[in-house]
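Given next, in structure tokens, is a single chain: the form predicted on its own.
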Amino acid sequence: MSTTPSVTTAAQKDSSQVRQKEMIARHFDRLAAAPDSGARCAYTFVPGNLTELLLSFDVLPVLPEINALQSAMRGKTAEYIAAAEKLGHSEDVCTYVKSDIGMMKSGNIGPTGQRLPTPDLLLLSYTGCFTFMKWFELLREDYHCPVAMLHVPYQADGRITDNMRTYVVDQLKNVVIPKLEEVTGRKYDEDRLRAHLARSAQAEDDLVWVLQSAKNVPSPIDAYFGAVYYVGPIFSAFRGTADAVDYYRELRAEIAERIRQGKGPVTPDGEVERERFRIVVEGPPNWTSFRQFWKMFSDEGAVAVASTYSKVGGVYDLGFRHDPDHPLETLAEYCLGCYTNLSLPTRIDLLTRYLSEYRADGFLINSVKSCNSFSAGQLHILREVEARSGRPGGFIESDLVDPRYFSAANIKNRLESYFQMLDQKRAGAAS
């Protein structure tokens, strides 16, 4: 058990993180300038987002979940959630939604301190989260802008059928693309889309290499906390851009050098010098106390070698890549294959596979109070994965962006007990 005192210092960052921060700043600069520049913007979501298609129309993506989590890391979501609850939104409503509504009612000032533009389009790609539909209904009441919905069938049987793919492609052709043409006054340009998709595939190759680098011992990355930075560009506004290609090339080179030197992950509080536990993590992180949460792991030498949250915007390590030769079909397959669109048996299979392939000691579930698309069925997942893998599971509870539901003492006690149990099992196996 660690007795290291908690001291807040300036967070350590790799050069790739600095690059990413600059990319994000430039994107929000473009968004802030949109009312004057005439640029169009679409609000959309991370799972199943159609970034390449938007970029082919010169439409700027705005992702409300990203705004909410970044606001949480800056300590703003408590006031936003309070504002939404004063308007009548229940405590049980997704806190991403309440943070977004509260931010909108408080001037719509984005995470970088600049005002976000009013959307020209609400583009809803429905991938396993019913809340998304209600969220955009609420935004439509205030923004009075066009809405396009892409309904994506749930992968109940764990596979994508031809009928499912065709169903999504038909909606892209007959609903989404015509709406983008109407909003922008531009015609669909498939060659531009193909170019963006080719860049996506290139970046996806490097991302998968980075995530799979955690199979090394010690792992050079943390695939839960650290991976939220790694997946940021590809899950949000940058997939399909030259910026994304450059970022992932630089990130891959950094990680390759860490492997060469036999180093562990970089955390905001320094490097993990000794990898004591290799953990697979299910569920999103808590954003209001993100650094403190991460430190509870790193202080114990616990490194996440795989996670499901880092697949919420695409399970690329199962082989999917955007294919420029089949542009609309590949967009459909991407939407159909996002983690939140997978059935519970498929999620169980994936976790069990990660435990074996990444030589993990155990797995942890962070059950998030207000995120049913992740939390529903997690106790069943816990029992099934333990039975199949023979590895012990742990269970903690928090929330996405509501600080009222992050109990640091409770989570720390549970984690310390879990790591002690892993230590005891290891000692017992060695004796």
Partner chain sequence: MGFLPIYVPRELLHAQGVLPVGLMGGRPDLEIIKGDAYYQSYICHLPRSTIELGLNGSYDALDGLIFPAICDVIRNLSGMWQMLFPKVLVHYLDVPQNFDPAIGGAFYRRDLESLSQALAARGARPLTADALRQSIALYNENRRLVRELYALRRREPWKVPTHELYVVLRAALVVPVEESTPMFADYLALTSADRSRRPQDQARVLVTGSFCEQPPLALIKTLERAGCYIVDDDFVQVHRFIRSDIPVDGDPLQSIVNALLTDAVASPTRYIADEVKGADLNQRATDSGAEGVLFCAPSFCDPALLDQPMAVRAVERTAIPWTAFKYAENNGQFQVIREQAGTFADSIKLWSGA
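All of these numbers come straight from a predicted model, not from anything done at the bench. Residue numbers count along the first chain shown, from 1.
One more form of this protein should be noted, the form predicted together with its partner chain, which is absent from this view; the next part is about it.
With the partner left out here, its partner chain still marks one of 210-218, 303-311, 83-91, 182-190 in the model of the complex; by a 4.5 Å heavy atom cut-off that stretch is 83-91. Contact here is defined as any heavy atom lying within 4.5 Å of its partner chain in the model of the complex, and by that definition not a single one of Q70, K76 and V231 is a contact residue. The closest non-hydrogen atom of A195 lies beyond 4.5 Å of its partner chain in the model of the complex. Among residues of the shown chain, L138 is one whose heavy atoms approach its partner chain to within 4.5 Å in the model of the complex.
Within 4.5 Å of any heavy atom of its partner chain in the model of the complex lies no heavy atom of A39. Interface residue remark: P324 is not counted as part of the site for its partner chain in the model of the complex, having no heavy atom within 4.5 Å. Checking K134, R276, R115, K263 against its partner chain in the model of the complex, a heavy atom within 4.5 Å turns up for just one residue: K134. The contact residue chosen from M164, L328, I177, V245 relative to its partner chain in the model of the complex is M164, the criterion being a non-hydrogen atom within 4.5 angstroms. Although its partner chain is not shown here, in the model of the complex the stretch 125-154 places heavy atoms of Y126, G128, C129, F130, T131, M133, K134, E137, L138, R140, E141, V147, M149, H151, P153, Y154 within 4.5 Å of it, in sequence order.
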